[in-house]
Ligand SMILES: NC(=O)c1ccc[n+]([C@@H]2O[C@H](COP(=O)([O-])OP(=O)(O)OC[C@H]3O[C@@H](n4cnc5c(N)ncnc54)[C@H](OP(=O)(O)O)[C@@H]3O)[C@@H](O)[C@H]2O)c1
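Okay, here we've got a single chain as structure tokens, the form predicted alone, with questions on binding and movement later.
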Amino acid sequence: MKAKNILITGASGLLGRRILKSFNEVKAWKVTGTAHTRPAPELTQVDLADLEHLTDFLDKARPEIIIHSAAERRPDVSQRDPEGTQRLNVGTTAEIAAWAAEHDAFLVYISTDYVFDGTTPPYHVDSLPNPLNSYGESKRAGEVAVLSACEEYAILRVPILYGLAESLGESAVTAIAQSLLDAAGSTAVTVENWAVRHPTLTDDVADVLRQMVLYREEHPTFKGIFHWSGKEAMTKYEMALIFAEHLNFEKSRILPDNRPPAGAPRPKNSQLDTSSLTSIGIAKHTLFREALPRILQGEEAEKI
């Protein structure tokens, strides 16, 4: 039987908005999105950390598929507030996983490359997790909660994301562009050149998720851990040089900082191997340079 009732948590977020848009394009699906701190008329306001309220909501919504994208995703915030991060990233995930298992719902949990320590890339779906910071630890604990509760699940790990944003600061990638704009009157701006990232467009992740759900409709045994990522490896400094081309910012004024970034420890290179999806024909890649003109149309406030 093809599932038609789909729930997307965190549908007001950077990734969640694109998932909601992509899934709404499948007319046979009834798609519900939730939000908490950024409500919108098209979304259902739910405090996912209120587990009693969450369970009541799930009982009424009765989703057949849950895309759980809501999370505290900022490593430095997670490091400062581990308890709050645990409530949302672990407690909420465990509650959703338990409900999904009890009601035979297929749960898709969005995780992160930060479950790895970045010392031995590329990381495969069966590579041993070893998170370096509270954010990575909480997302790995969320994975374990899903694996412990559910038989019908998919865990999708993704790296640093960027996309159409309510403000450039919403993504750590487009925040680089904001730093160049803020430095317009300065002599130079210094950008981190230590960690190797694989910036990934949220539209691509949303499209891959839609492909995964459609694939499961035709292949009911489809489940497991999967990875998706952009193909291009670059540091934030290298991203800044590309942003500079679009912002008329002199590249000579951008200086590389070759030290590890301050704050929560980060993996140096947590490249994800995506062959578990590409081998079955699931893929969507947009090159970084190709995506930027659309992303940088002002502080692109594409509202839900």
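Each residue number is its position in the shown sequence, starting from 1. Small disclaimer: the values here were computed from a predicted structure and weren't measured.
The protein also exists as the form predicted in complex with the ligand; that form is not presented, and the subsequent description refers to it.
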query = Exactly one of 100, 71, 177, 115 has a non-hydrogen atom within 4.5 Å of the ligand in the predicted bound form; which residue is it?
reply = 71
remark   = in the predicted bound form, the residue from 46, 65, 277, 239 with a non-hydrogen atom within 4.5 Å of the ligand is 46
query = Quick one: does residue 88 come within 4.5 Å of the ligand in the predicted bound form, counting heavy atoms only?
reply = yes
inquiry  = Since only the chain is shown here, I'm wondering whether residue 15 would be in contact with the ligand in the predicted bound form (any heavy atom pair within 4.5 Å).
reply    = yes
task = Check whether residue 110 has any heavy atom within 4.5 Å of a heavy atom of the ligand in the predicted bound form, and answer yes or no.
result = yes
task = Answer for residue 35 alone: is it within 4.5 Å of the ligand in the predicted bound form, judged on heavy atom distances?
result = yes
ask   = At 4.5 angstroms, heavy atoms only, are 164, 230 and 243 all close to the ligand in the predicted bound form?
value = no
Location of the ligand contact in the predicted bound form, chosen stretch of 140 to 148, 184 to 192, 218 to 226, 155 to 163 [non-hydrogen atom, 4.5 Å] = 155 to 163
